[in-house]
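In the block that follows, a single chain appears as structure tokens, in the form predicted on its own.
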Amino acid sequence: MTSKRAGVKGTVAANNRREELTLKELVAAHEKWRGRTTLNLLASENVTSPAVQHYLATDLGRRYTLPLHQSVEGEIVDNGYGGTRYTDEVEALAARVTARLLHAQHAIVRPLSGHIAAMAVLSSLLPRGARYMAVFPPDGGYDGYAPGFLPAVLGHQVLPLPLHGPTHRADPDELAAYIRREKPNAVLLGQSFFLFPYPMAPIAEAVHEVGGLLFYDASHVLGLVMGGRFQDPLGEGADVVYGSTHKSFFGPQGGVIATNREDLFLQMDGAMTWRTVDNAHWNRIAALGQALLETERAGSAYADAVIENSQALARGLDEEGVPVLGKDEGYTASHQVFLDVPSLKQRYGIGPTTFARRLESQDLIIDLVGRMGTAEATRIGMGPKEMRRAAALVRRGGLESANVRGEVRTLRARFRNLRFT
């Protein structure tokens, strides 16, 4: 080997070692900051138990299974790989518990996210050219359902499902009349900004009267729904409920789908392999199973505590002079709290992004769009008293640009152990 080649190889190796050390330091810094230092009030995040974390780090993370149930050289094959005797059972267990918690006959736990779950439902149950209604982003809906995103990818036409007011409430009579007039193939309920449940009975009646399907995206409220709170989508008329598993539900990132209709289940389940899912990440499914079992044991107490904390946080913010929405409606019935962004700008001259950046500099984490959540704070054991304290810190750190980092860290340090596990 020439000295020049040896020098290049030595430089590459040195760079590799430095970057490996940098990666280790970055992950450790993140673990310390987000995991043990900050007060996380994001509505779209939660914290998983040590048991869930353990399953994520197991050998299952390296393995494949491939559900097929098709003929291979004259034999019916349920799985395209060998060595799946335990992974198949892990999946079956997680699906059983999902079905129990969502009051369903059938469940699917292979989607890698709530978005993938939505793709699986829409692509398998609605043909190209179908029309469905969904809540648009200006009314608090998920951006993925807006024109140009999932509808464009799947060849669907989407119509806006109108909601009212800054808290995005549904008028059931208006929606029912709209559905009967437009006769969509499906109506999709569910929001990214989600304070209150839907009046589902008249909506479901109208959808089914015109021969459509009713879908319920429970991504944000799945932990509350599985805890028996907020609402029971399938029991109130939805044909399919689905969602992500890492927001108010305290599992790993992923998605679930459930239904009571065998015909819909067979369509969705049969259309997943090589369409929306290939390898489904079996360590994730095992971790999901653990979180589901934790929910079955303690989900109702957790959901009650989340809602109580959300209402306490909203009330505390209001009393501190931080403008929030929904006071006349009890503020919230979910894990979410909304800032009154127009009032924030008018009274204090700042927008939600500036407000959020000020708080992040003080180790308080919220959305950049004026949304807060209490799921993670609840899971680490905080209650209404701590929510009142958090509201005061939000006011001082966000509105006054005060240095409250030490107080935030002192508060956070008191809560090291998870509850509802």
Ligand SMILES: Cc1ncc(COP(=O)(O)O)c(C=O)c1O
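The shown structure was predicted, so the numbers you read here are calculated from the model rather than taken from an experiment. Quick note: we count residues from 1 along the sequence shown, nothing fancier.
Below, we turn to the form predicted together with this ligand, even though it does not appear here.
- Although the partner is absent here, residue 220 is a contact residue: one of its heavy atoms lies within 4.5 angstroms of this ligand in the predicted bound form.
- Within 4.5 Å of any heavy atom of this ligand in the predicted bound form lies no heavy atom of residue 227.
- Within 4.5 Å of any heavy atom of this ligand in the predicted bound form lies no heavy atom of residue 276.
- When this ligand is considered in the predicted bound form, residue 192 lines it closely, a heavy atom lying within 4.5 Å.
- This chain is displayed without this ligand, yet in the predicted bound form the stretch 241-249 from 295-303, 340-348, 318-326, 241-249 comes within 4.5 Å of it by heavy atoms.
- 113 is the sole member of 231, 167, 79, 113 with a non-hydrogen atom lying within 4.5 angstroms of this ligand in the predicted bound form.
- Only one of the listed residues (215, 331, 198, 142) places a non-hydrogen atom within 4.5 angstroms of this ligand in the predicted bound form, and that residue is 142.
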